[in-house]
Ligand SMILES: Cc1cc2nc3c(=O)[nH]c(=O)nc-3n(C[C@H](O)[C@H](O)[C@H](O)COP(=O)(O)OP(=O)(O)OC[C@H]3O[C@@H](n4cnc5c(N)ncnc54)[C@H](O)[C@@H]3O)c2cc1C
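This document starts with one chain, in the form predicted alone, laid out as structure tokens.
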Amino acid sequence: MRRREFVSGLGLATLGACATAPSASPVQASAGPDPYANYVPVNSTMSRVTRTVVGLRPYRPAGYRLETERLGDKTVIHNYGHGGCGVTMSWGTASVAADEASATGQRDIAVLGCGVQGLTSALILARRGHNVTIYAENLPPHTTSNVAGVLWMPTGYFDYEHVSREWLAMNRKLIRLAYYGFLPYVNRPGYGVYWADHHSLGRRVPTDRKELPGGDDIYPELRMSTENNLFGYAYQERFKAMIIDPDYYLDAILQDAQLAGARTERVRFASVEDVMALDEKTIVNCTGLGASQIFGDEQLMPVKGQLSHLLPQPDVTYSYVASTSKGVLYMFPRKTGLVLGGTHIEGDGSMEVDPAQVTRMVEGHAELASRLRAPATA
């Protein structure tokens, strides 16, 4: 195994520009008697559900695998196992994977997988002048990345008991690198990346608050409050967060990679021998859960997530994650519809929709919406 310390190009330049700003102010009350007077309640009913999708997050307790391995005459750069944060972390880990691939000196590079990690790695490498071929069984919109939520706030993709301080320090740098990688796409036509007012809601005030992933300073307008909170919660962290809509974003990134010269080839890899048969000597492995079978990674496990989409409500421009009597629930607004989530089932590899979970989420979000005063009408 070989780890680099972000010594080339994009990684070092971007991290060097990310000077840490002062942390957000201490817990404070929200300004004004009703800071949500203009918020429109989510209309969460079964009749407004347009589709329910299931995705299997590629989870590793030890965190994503980002390392270089020598297999015969091949150099394989592994970049997979991001849990539910593949999109969120893409401009971080894919940048390092691309650095590793470029460092081999090979012009021809194979990328395995056409989810967001594979696409981002291929895009970076193609823009550097490499001949890139993306080998994948499925292309957008039929990848695991297409099923993702996505609120930009990386959480839940590793177990603290299984990672080292070194890994945590590296991960913090990559979170920041990923954040700055997405900024140029905000409100860029066709990419589906935009700001929303996000609310992380808790029933209790934390006794020992920890900074948000990557540092409080990369969450604009962050405020903590213990009163006047959304839905009447005891504690709230409110900030501007990026919402990323994979229905737009993955198509746009795939097109960018192709315009830069990358090409795609439909192929299914059943074993490492299939990979070894490729002509390319440098390979970036972004196969997600597929790495369990292809490369024998026994740490990988599926985590089932289920999302229900509601009809669009253009006036809903806020998002939230809340602990409720029906479990943790979250809502992210998109132009294509409102995304309702809140399932996390480790070890479940089923792709079947669970109707009980649909009901739980729809009813849970409806109960939250009932706590929000509707705006006055003229």
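Remember, it's a predicted structure, so these values are computed and weren't measured experimentally. In case it trips you up, residue 1 is the first one in the sequence shown, and so on.
Absent from the display: the form predicted in complex with the ligand. The rest refers to it.
Here the chain stands alone, but in the predicted bound form its contact with the ligand, taken as any heavy atom within 4.5 Å, falls in 132-140 among 132-140, 221-229, 165-173, 252-260. In the predicted bound form, the ligand lies within 4.5 Å of some heavy atom of Val267. In the predicted bound form, none of the heavy atoms of Met301 sits within 4.5 Å of a heavy atom of the ligand. Under a 4.5 angstroms non-hydrogen atom cutoff, the ligand in the predicted bound form lacks Val284 among its neighbouring residues. Although the partner is absent here, Ala94 is not a contact residue: none of its heavy atoms lies within 4.5 angstroms of the ligand in the predicted bound form. Screening Gly192, Gly83, Gly214, Gly181 for any heavy atom within 4.5 Å of the ligand in the predicted bound form leaves a single hit, Gly83.
Though the ligand is absent from this view, in the predicted bound form it lies within 4.5 Å of a heavy atom of just one residue from Leu177, Val87, Ile77, Leu125, which is Val87.
Shown without its partner, the chain has Cys114, Gly115, Val116, Gln117, Gly118 in segment 114-129 as residues with a non-hydrogen atom within 4.5 angstroms of the ligand in the predicted bound form.
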